[in-house]
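As structure tokens, one chain now follows by itself in the form predicted on its own.
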């Protein structure tokens, strides 16, 4: 097990990565009152382990799935906290995937003006990305993550024991964020290509998860709240991915990030940000996890969802585009009509 420090100005965090991380939960709570937020799927699978780790702690199990990541569910968490008599000295334990982590983190940020939170991510995507860095949010008004706060966890416990119950689609979802890191960090990218036959090997995924956390920890420590712009690199593939996710649903967040990176490689090439060879490298990397890019009928219409994204400006859709060097990127603001034309690439089967 590795311990990775996330040295942010507001609150430094520790991330425990590897077997045995979950066993540290009781020590992380430190004898304080604990309140657990999870979802119905995780409660069914790991309810007994939760009870053993935190005897007597009240548990709020919310409905599973992105469509429940909204203000109604958030206030159900608040209702449960009030009913349990949770005090401001308590520790909220967010035990689940990205949806639980985002909502639990936001509940901790808001309840009594802020209480401590421990993140226990149970999906590959949450372990390599969303549980680290303090971004918390709910979806509102048809826009992803538009209501939220930066609220750093005290501790994050990334234990591979939870990966054994994930379906293949959830593994592919996590690979979306892992491959994104590989495109931003040369060392991670080289390891992925060298081990491309092991992308569904849980031992390898646990190892690469720690590499992804180390990379994100460096970025977040430098730019905790996306003020300087360094952290914006983590939005690679997300402008397009979020727009498609809102419009079409069904697929996982990570799959849409993969599709977003694939499309944005064409944008980077045609906008002169990168060479055709580097754009092809990006597409080849995406295909390690998603060999066939699906076609999307009416994809041009998704421009309206892209323009709602919180990252964008009044001038158009903001995309993070990889340039010639590994890890180097540029931002481009694309007027709506031009971005819609690029979305049209997805109307043809890749």
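For clarity, a rigid core is taken as the largest C-alpha set superposing within 1.5 Å between two forms. The structure displayed is predicted, hence computed values, not measured ones. Residue numbers count along the first chain shown, from 1.
The form predicted in complex with another copy of the chain exists for this protein as well; it is not shown, and the discussion that follows is about that form.
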- Query: Quick one: in the predicted bound form, does every one of 226, 308 and 312 get a heavy atom within 4.5 Å of another copy of the chain?
  - Reply: yes
- Interface segment, criterion being heavy atoms within 4.5 Å of another copy of the chain in the predicted bound form, picked from 108-116, 173-181, 255-263, 197-205: 108-116
- Note on the structure: From 233, 161, 187, 143: within 4.5 Å of another copy of the chain in the predicted bound form by heavy atoms is 143
- Message: Exactly one residue in 244, 137, 213, 273 has a non-hydrogen atom within 4.5 Å of another copy of the chain in the predicted bound form; which is it?
- Response: 137
- Indicate whether another copy of the chain has at least one heavy atom within 4.5 Å of a heavy atom of residue 221 in the predicted bound form. no
- 4.5 angstroms heavy atom contact with another copy of the chain in the predicted bound form for residue 248: no
- Item | Any non-hydrogen atom of residue 169 within 4.5 angstroms of another copy of the chain in the predicted bound form | no
- Taking the shortest heavy atom distance, is residue 66 within 4.5 Å of another copy of the chain in the predicted bound form? no
- Task: At a 4.5 angstroms cut-off on non-hydrogen atoms, which residues of 144-162 are near another copy of the chain in the predicted bound form? List them in order.
- Result: 145, 146, 147, 148, 149, 150
- Query: Taking the rigid core as reference, does residue 38 move its C-alpha 2 Å or further between this form and the one not shown?
  - Reply: no
